[in-house]
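Quick setup: one chain, the form predicted on its own, written in structure tokens, and binding and motion questions come after.
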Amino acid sequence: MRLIFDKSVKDRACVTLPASEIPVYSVKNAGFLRIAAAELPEVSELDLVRHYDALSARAYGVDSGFYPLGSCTMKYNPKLHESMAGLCGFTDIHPLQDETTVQGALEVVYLLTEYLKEITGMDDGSLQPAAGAHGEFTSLLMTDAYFRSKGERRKKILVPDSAHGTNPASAAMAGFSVVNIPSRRDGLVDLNALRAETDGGVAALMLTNPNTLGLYEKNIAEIAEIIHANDSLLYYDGANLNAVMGKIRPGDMGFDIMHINLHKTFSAPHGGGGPGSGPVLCKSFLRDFLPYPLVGASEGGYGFLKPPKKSVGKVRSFYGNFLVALKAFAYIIALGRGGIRDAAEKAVLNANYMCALVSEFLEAPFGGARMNKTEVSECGGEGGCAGSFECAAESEKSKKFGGACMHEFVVSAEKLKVDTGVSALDIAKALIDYGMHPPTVYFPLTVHEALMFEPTETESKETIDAAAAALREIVGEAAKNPEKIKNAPFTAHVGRPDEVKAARKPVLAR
């Protein structure tokens, strides 16, 4: 597809304006004036509309088809919530208005914070961080401020190899050194390694639970005990909260501070669909370190509270990505307590069902490999497939089914690559020809030739069946005609670009 700059024709314009009747005034400081005209494309309105309409048709999102991007929770975003965020009472206000004139918006901020506290088991929070990694960074700033207030300079953050990928980067940006904690063969945190690395220099352990292998850390109580005995903080990465919301709360697991991805768990558009939001929540002893502004309620209505005594300050302008928070608020009140719990259970069920299908022809290293679609239903939750949080439960059914995943699962194409030369990336590319978005590949790093799927609760059985059938066909074709799969996709606008070069030297214009 040609760039909009390639369609430019000199002196062509969308609109022809009459000469201005306003006198022209010269600017005294010519240093601020543009010397040359802006290099903008000159096109007609029709050419402009056709160009961007064609671009939109080439974009792929959750509304287009199956989008099982592991660790990202790409769930469908109800259009009702988009409508709520478009109401003029929310879009036509300004963040500098007097608080008496924006009581509705302040009520949303206050109530959403209260709901998130209830869902997570935390005591207070702030909606200000603008994304998940920003929430991580803010939490670590609060962690550092907490220890400084005690006269301590703890500079180490423990990060398991099964953690969410942004954790090490956030810790480094906040001025900490990162210590890797390996996993055991079952994919869970190695408690002996954790004990060995936990010393007086450790500020916090960053933990994703369930982890990025889709496994629930069943030893979370012991992990919390190890960390708290060292007077360190236990941080919860909320990236995978969708698997446990309404079922169990991070605060009850022993976590002290956390962030939530509203654009994952609470159904606001994710990635290219819009900005994110990463609220930070904490236990009461960390309240004084929260970023401000914070909103409180009184008999007179809603208003801004005094900044906490030891606050890390503002981490974003104004009040965070308010309209993203508004969509999450609409989602929560639409579902209610029971609906939120039901969403988590169906997300776990869908993942286990798809894992049972896919593990018939690709290895599932961490649970589910011996299940089939009938057995998932028969398990009844004892193996974890219906929302149980003892993922390696010592029941006979659990042993029969080989354990279960939570909201996502990882399979490995390592054997297929050895036998045929077809890699995980090749499989992912081939899925595009079936009208499906590829899963996450090569993550987590602990699984060779990894493919990580997260179908979410919003996908139907028919869609999951079709995805598993497509994968089975791709793997079967790889055995017969590996070169075909290695050169897929064949129906996409772009086939196999040089991805490294495209990232480092993007062609944006002539």
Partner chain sequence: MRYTPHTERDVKEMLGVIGAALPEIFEACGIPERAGSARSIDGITGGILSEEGLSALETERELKRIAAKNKVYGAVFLGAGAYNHYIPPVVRHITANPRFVTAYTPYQPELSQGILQAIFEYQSGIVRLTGLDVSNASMYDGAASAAEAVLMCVADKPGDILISEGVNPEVRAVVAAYLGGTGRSVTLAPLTEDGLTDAAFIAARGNAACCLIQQPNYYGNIEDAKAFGALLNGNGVRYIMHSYPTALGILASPGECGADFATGEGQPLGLPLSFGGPYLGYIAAREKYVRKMTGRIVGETTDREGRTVYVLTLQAREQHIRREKASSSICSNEALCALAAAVYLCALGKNGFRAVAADCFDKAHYLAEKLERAGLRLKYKNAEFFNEFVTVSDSKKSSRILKLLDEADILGGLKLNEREILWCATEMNDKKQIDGLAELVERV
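Positions refer to the first chain, counted from 1. C-alpha atoms forming the largest set that superposes within 1.5 Å between two forms make up the rigid core. Please read all numbers here as calculations on a predicted model, not as lab measurements.
The same protein has a further form, the form predicted together with its partner chain, not shown here; the description that follows concerns it.
Though the partner is left out of this view, A224 does not reach within 4.5 Å of its partner chain in the predicted complex, counting heavy atoms only. Put simply, H164 is close to its partner chain in the predicted complex: some heavy atom of it is within 4.5 Å. Among residues of the shown chain, K461 is one whose heavy atoms approach its partner chain to within 4.5 Å in the predicted complex. At the 4.5 Å threshold, heavy atoms of P308 stay clear of its partner chain in the predicted complex, well away from it. Just one listed stretch, out of 348-356, 226-234, 411-419, 191-199, contacts its partner chain in the predicted complex at the 4.5 Å heavy atom level, and that stretch is 348-356. Between the options L241, M436, A364, L294, the residue in contact with its partner chain in the predicted complex by a heavy atom within 4.5 angstroms is M436. For the residues E82, D124, D288, D186, the 4.5 Å heavy atom test against its partner chain in the predicted complex is passed only by E82. Residues in 193-214 all lack a heavy atom within 4.5 Å of its partner chain in the predicted complex. Core-superposed comparison between the shown form and the other one: the CA of D465 stays below a 2 Å shift.
For P41, the Cα coordinates differ by 2 angstroms or more between the shown form and the other one after the core has been superposed. Residue displacement note: A492 has its CA displaced by under 2 Å between the shown form and the other one (rigid core superposed). The pair E45 and T91 approaches in the predicted complex: their C-alpha atoms are at least 3 Å nearer to each other than in the form depicted.
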